[in-house]
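Just one chain is shown here, as structure tokens, and it is the form predicted alone.
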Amino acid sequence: MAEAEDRIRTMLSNQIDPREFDSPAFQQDPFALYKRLRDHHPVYHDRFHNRWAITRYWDVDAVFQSSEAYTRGVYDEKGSYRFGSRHVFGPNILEYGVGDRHRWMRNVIAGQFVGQKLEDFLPLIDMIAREVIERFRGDGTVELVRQFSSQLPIRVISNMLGLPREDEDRFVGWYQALIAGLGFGGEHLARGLAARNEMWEYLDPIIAERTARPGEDLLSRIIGAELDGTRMSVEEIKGFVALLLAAGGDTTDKAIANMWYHMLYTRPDQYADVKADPSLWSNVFTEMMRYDPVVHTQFRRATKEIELYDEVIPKGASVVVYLGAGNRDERVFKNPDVFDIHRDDLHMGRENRSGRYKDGKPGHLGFGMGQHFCMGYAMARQEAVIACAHLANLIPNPRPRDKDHPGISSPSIDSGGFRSPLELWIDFDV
């Protein structure tokens, strides 16, 4: 009898209440729930949110690798839905999700953020990082999120696009409204749509001018890019600009803030190593993307019945893959709950879409893999590493202003965005 009661208690203690996913505790620290899911419910049927959750590293990897069994697409490309009509960015590659139009748009733009084309933009990143730092360099204190990490990526992207430098503050404001519009709050969506429409009105004459007289900027390249003799529509061009400013900017913004949070609060001992060898900022980026990545989830839809463990995911079911959970899988990484830029069980170099590396080590899951591998992965890495290295070099003896810090958290459910500190105050010598 006692043994049966123990089994029942164990079973009940390992049950998941799906409302936990919506709790403030999960927003702040999801990792305890991730572990319970990995250990006891690696494929979890969340009946409350009508979805299935996958949390182990190699299972997440398998979802990314199998575009035949899992699709990102929601609407039929040839169906009645007018793409862009319900998205704050307008028609964009994320909403197309799958199919010929998605592949075409991806092929048009993918080459702009790698190789020599990315190298051409590195001096611009260097210049703008220094400019933003100079604004507060003499103050002896900086709120890193508001004054640096949220400023730099948008200013870089707007300059890559060849937009007027005197309007950079407007782009930062539009970016903030667009990101908030990705959440579930109606007022945030309304402000996001208003910002989008204002930005589109601003872009119309610029797109017309670059169409007639293209330059070497990224906007001209997007306008002029062709595949099989076809170019993007004006609406798709504007949707891509919104995507670059918001989604691309927000991930890099949060990455920079997260890297500095770990260096100052969780591993100040390893910050000494980074100061001695600035090339280690690349390791800081990689380990941040494993330990607590900016993006924790991606969503898919099952295209057929999928048997996994003792469960059957039905055809058409919504599937959430938890990158943040897979990255802490004890079956893959040693001491996964320790932030360590010197770990020897993680691929520390540049990412690729296959997720397979010559050193035989697993990579982080933060950029996804396969067909939907993040197009801006190389840009995000370069920008974050360059920005952090400049900041460390230009502000002497940086240290946290506050002894205690609430840490990295997800945003409130009504406003969009990714995981990062809300504020990060740093004091430094002048």
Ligand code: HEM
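Keep in mind it's a predicted model, so treat the numbers as computed, not measured. Numbers for residues come from their place in the sequence shown, where the first is 1.
The same protein also exists as the form predicted together with the ligand; that form is not shown, yet it is the one meant from here on.
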The ligand in the predicted complex has a heavy atom of only one listed residue within 4.5 Å, and of Val114, Leu94, Leu227, Leu122 that residue is Leu94
In the predicted complex, which of the listed residues (Trp58, Phe48, Phe373, Phe26) lies with a heavy atom within 4.5 Å of the ligand?
Phe373
Does any heavy atom of Leu219 come within 4.5 Å of a heavy atom of the ligand in the predicted complex?
no
Tell me, yes or no, whether Arg300 is in contact with the ligand in the predicted complex, where a contact means a heavy atom of each within 4.5 Å.
yes
Contact test in the predicted complex: Pro30 vs the ligand, heavy atoms, 4.5 Å
no
Test of understanding: in the predicted complex, would His102 fall inside 4.5 Å of the ligand by heavy atoms?
yes
Which single stretch, out of 33 to 41, 393 to 401, 49 to 57, 362 to 370, brings residue heavy atoms within 4.5 Å of the ligand in the predicted complex?
362 to 370
Taking heavy atoms and a 4.5 Å limit, what residues of 234 to 271 are near the ligand in the predicted complex?
Leu243, Leu244, Ala247, Gly248, Thr251, Thr252, Ala255
